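Take a look at this single chain, the form predicted on its own, given in structure tokens.
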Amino acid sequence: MGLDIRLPIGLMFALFGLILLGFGLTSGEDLYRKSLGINVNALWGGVLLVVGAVMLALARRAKPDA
């Protein structure tokens, strides 16, 4: 088939990470009072973005099937 599963999964994680990180960085501080002031959306958005970037890097580094 020639499609590495890491490519679409990496794109999905990176896209969700960007959306969540953007929401976390633009939302108000009073939203995070219940979570002891920790911006959980920005934190996990960053984690998802890093995981997506790693998956995309691994997919790019993989050898194509001949």
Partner chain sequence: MERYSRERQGANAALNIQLAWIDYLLLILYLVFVLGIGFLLKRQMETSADFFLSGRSIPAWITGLAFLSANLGAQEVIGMAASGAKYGIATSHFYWVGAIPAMVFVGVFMIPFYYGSRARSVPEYLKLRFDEKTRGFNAISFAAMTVFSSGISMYAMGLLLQTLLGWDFNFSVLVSALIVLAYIFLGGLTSAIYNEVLQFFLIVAGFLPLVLLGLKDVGGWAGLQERLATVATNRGFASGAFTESWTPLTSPAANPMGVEWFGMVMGLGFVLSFGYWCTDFLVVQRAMAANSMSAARRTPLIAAIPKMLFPFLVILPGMIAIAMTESGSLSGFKLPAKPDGSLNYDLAIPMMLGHYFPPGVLGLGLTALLASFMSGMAGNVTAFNTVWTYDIYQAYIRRSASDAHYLWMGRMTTVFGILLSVGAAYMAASFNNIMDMLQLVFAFVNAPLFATFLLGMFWRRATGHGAFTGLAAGTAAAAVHHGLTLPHGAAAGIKGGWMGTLAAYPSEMAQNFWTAIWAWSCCFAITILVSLVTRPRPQEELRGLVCSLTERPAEGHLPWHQRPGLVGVLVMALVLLLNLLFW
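Positions refer to the first chain, counted from 1. Values in this document were obtained by computation on a predicted structure and should not be read as measured data. We call the rigid core whatever largest set of C-alpha positions still superposes within 1.5 Å between the two forms.
One more form of this protein, predicted in complex with the partner chain, exists but is not displayed; see below.
Although the partner is absent here, residue 57 sits far enough away that none of its heavy atoms falls within 4.5 Å of the partner chain in the predicted complex.
Not displayed here, the partner chain is approached by residue 5 to within 4.5 Å at the level of heavy atoms in the predicted complex. Shown alone here, residue 20 lies within 4.5 Å of the partner chain in the predicted complex, counting heavy atoms only. Among residues of the shown chain, residue 15 is one whose heavy atoms approach the partner chain to within 4.5 Å in the predicted complex.
In sequence order, 31, 32, 34, 35, 36, 38, 40, 41, 44, 48 are the residues of 31-54 having a heavy atom within 4.5 Å of the partner chain in the predicted complex; the partner itself is omitted from this view. Relative to the superposed rigid core, the position of the CA of residue 26 differs between the shown form and the other one by less than 2 Å.
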